[in-house]
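This document starts with two versions of one protein chain, written out as structure tokens and named structure 1 and structure 2.
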Structure 1
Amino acid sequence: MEKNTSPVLEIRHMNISFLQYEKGFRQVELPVISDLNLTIEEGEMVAVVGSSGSGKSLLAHGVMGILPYNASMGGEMIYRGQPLTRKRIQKLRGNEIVMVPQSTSYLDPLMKVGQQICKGSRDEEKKKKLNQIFHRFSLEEKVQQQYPFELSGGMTRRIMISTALIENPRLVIADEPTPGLHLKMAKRAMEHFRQLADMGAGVLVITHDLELALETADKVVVFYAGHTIEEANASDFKEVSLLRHPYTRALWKAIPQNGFESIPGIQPYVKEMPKGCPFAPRCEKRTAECEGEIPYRKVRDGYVRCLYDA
């Protein structure tokens, strides 16, 4: 038995880049994720929050070992005390480590839903478990005999979460599980993940919806242009002064109850990444030093990638 004091998943200095051909045969390496750090403990729900195009989905694909062939990944992943190698993830994915996908396109259009959740197995145990899950999600049993195109958006979402529940996961990675759901359904979906965490699994939810993440997650990792810029406890978001990074504070202020303010500028594209701090061009506090190396350092029980902590 591995020690249960070690985190479920620890990611250190993860970077993912793509090889791309540009004009003829010149190969360019596009760094999509650079220096990503996060830790998920048992029973903990961590939300990775970032706007679209920040490379969040690749994080999930990187952990699951399903990056496309022209992508390369560096850094360290440690699952329950031991390195998560390619071989190890191939053994663990689909039972101990599960992913909840982003959209209906991840379901086979020609396979009945029930069969699909059970991966085509006719095992009676599995079927029983499936019935229980359907009951819990208030899905009718006849839905098992339907095809993905016959489902509503909310049903599809529940079916995709069911693919995780049918296993006995210790680590759940949910990639944008809520878009397209109205608030009530989205909240309920997040609660399902919360339940999984309460049952002892480590849950990583990748989302662009900070407000929703704050309601259920324990910890929030803020992602900006491929960098983790802050790791904060969900409770830190109660008070803007508890937050560490200017971008996180900007996100906080963008929430309707907190002023609904937006900051000018856009997230830089990978090819036009500024030197040093990726947020510097939009930051009010930038100085010449911001173009240098910015360490990811511990501040008040969290982490921040900024030279000036408030």
Structure 2
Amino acid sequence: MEKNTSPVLEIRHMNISFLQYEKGFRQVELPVISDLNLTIEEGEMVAVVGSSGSGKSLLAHGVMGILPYNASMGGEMIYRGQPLTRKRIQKLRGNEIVMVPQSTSYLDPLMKVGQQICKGSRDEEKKKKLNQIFHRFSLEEKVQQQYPFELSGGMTRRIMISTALIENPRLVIADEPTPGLHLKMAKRAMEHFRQLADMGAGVLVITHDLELALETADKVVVFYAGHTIEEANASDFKEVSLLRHPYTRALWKAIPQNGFESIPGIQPYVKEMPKGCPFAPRCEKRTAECEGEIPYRKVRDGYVRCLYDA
């Protein structure tokens, strides 16, 4: 794979909002993602982690250009040094840029899974590669002749991951790829994404499972209430003192081997977003200054959106 000096993907200040109607014909714009930033290099696996409702999956849909009709998106997306426009993503989607979606409904119920993965191709090399992928995932070759409704949930999930492995992509986006898989198979799936990165692709895995992500990712981007609040090397999670944001440290402490601790409060709903830092109502270090603008700044080889890093 030809080496490119630019990052595979740069996202700068992505924002996504939805237009909704309230009380008849009154239009309301809901800013679900307010400020998202991340960079993925060739050969790098980046995990985006955060709780449900933080807007993680919208990131994947925004990059792939498949947001619903009532959504609007701002900010910049740069793919291999050039703007990732709507026209460009339509050309690259499914070839250079592939996505493993969260919902299994993306599979065509009227097409056999082998045909879907190979996109109808009868190429012998692709067929051979498909057989190898099925062997890795403990799937029998006869499954290729089955329809999605004939498969279990775990099998369907493995089929969806296979759609990314069959290509030679430069950017892979996996949106919650492991739900429904038992731990051993989930780890194996993450290892396959790791292999894609080792082959030169940039890999973005969106997940709520921080513990699983840390086993294979190079970098972790922490998302909270529509904001990127920290970007850290996976190695920083070896010690809580190396982390920069109070929420990231709370995630670390919530891992079973780190005490399984929880913090009071919940992530704010988009209509009830506080001024300034979205985490401030749950933060022990909050001050009046936290109600102002919170810069996203570089700290110790990482980034944090906080006035008072540890």
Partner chain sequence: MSSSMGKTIGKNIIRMILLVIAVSIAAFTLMTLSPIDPLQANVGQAALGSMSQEQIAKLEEYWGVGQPPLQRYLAWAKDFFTGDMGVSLLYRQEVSKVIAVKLGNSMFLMVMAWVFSGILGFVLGAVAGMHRGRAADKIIRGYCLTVSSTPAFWIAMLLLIVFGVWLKVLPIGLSVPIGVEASGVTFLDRVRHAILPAVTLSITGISNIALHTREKMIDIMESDYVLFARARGESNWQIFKNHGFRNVIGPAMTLQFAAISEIFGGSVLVEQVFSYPGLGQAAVSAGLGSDLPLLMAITIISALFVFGGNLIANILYGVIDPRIRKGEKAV
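Because the structure is a prediction, the values reported are computed rather than measured. Only the largest set of C-alpha atoms that superpose within 1.5 Å between the two forms is called the rigid core. Counting starts at 1 and follows the sequence of structure 1.
- Comparing the two isolated copies of the chain, the first one is the form predicted in complex with its partner chain.
- Comparing the forms between the two structures, the C-alpha position of residue 233 differs by less than 2 angstroms, with the core used for superposition.
- For residue 188, a C-alpha deviation below 2 angstroms is recorded between the two structures after rigid-core alignment.
- After superposing the rigid core, the C-alpha of residue 170 moves by less than 2 Å between the two structures.
- Once the two forms are overlaid on the core, residue 152 shows a Cα shift of 2.5 Å between the two structures.
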